[in-house]
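Next up: just one chain, as structure tokens, the form predicted alone.
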Amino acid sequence: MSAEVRPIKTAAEQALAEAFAARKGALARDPLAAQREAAFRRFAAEGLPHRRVEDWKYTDLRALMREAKPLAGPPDTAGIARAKNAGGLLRVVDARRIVLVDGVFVPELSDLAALEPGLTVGSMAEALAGADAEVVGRVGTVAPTDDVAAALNTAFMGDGVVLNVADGVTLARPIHLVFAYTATVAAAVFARSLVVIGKRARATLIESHEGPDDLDYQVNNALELSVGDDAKVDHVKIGTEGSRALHISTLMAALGARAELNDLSFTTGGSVVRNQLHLRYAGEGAAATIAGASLIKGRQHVDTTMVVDHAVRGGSSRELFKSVLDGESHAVFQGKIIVRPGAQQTDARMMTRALLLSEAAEADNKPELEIFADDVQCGHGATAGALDQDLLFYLKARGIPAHEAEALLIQAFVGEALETIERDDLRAALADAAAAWLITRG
């Protein structure tokens, strides 16, 4: 007779179980109660992901997350005041700011005046409290995933943004979702947002995430993005979290027929960061350009994990990710392109490159293809290496100091990913942020 083996729960897993049990009473009035319960059961069965889970083999969250912080409460007046200047990195971009403080939508800091016809902006918590049928019916359905971190977000999600762009509407100004952590004690934030872009609509959506350097706060953020037929969306996510922060972000996106998505993630902050993308092609002829740039140093750990699911014919995707690593930092890229049976005439290409500025830095790249159709063009590649010494010598031979020559090469390396951004002001702001990182590098 064999005994059943039960894994020992870590302190963080036990704390999360206690936190969910404490919320049981409130679930009776929650229209997503069944969905939350199912999500937490999944977490309870699997626990925090660890190195024996293939998708998390390079980011052992069970080891990295020693404790689960208590759930963040509503921000106080002082916290809201501290968030007034959040998102300053993009001050040169004329965008409509939508501000969330410690995961809570704050209307008084948000630019809600004179919304364009066809644009609606609201609070996720209010939509759920009012049992909004449209929101309740969409949450968790845009691009479903069995990822445990996403399940935790579903179980604990509090507030977030619900944004809708009606059919045929073109937004002249970008929407800037500002996520600011301002609490003076370390806590955990679980924010969930839903963005629905109607048919033939056009929109630019920016996310920025920031917080203080002196707190080991935790963020588990999720965004569901539905892009309608013939619509186009530019999405940029900027991560400048505090130096001790743990940040997990999940983008779940679906593309309608002939839809276009240009997505870029730009990361310089955070202690442990994982950016996840689950992209589902729901309509024929859709196209996506997915790029990323990470500049990290010290002992930072940044993981980019992506699944692009070509489920219908005629889709195209281009993926380009650049990582610059200094000190003892660790960058991870896991990219998987799936071509389903029947998804003929798919064209998908993926490339990841890592630039190591230190012998102690580490880059793990794992591109994958799963192809179940025969009329396709798919490819992937991965490189990792140091600065090109010939190019460095060429610049120094022309009187450019060594430090400036290195900076020029690093900026050019990252610039290839930033060039996927169409807006000049946004691209310039991120180029300036990359230059600022080079200054702090010393």
Partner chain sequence: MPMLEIKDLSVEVDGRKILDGLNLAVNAGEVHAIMGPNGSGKSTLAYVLAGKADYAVTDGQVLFDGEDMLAMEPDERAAKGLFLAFQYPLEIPGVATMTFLRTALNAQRRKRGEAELSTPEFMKKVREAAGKLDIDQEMLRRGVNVGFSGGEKKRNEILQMALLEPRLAVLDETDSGLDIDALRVVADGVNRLRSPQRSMVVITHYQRLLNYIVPDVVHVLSKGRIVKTGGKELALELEARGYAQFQEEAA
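Positions refer to the first chain, counted from 1. Because the structure is predicted, anything quoted here is derived from the model rather than measured.
FYI, the form predicted together with its partner chain isn't displayed, but the following is about it.
Annotated contact segment (heavy atom within 4.5 Å of its partner chain in the model of the complex): 396-404, selected among 396-404, 378-386, 63-71, 42-50. Its partner chain is not shown here, and in the model of the complex it never comes within 4.5 Å of any heavy atom of residue 28. The closest non-hydrogen atom of residue 390 lies within 4.5 Å of its partner chain in the model of the complex. By the criterion of a heavy atom within 4.5 Å, residue 38 is excluded from the residues contacting its partner chain in the model of the complex. Within this chain, residue 412 lines the site of its partner chain in the model of the complex, having a heavy atom no more than 4.5 Å away.
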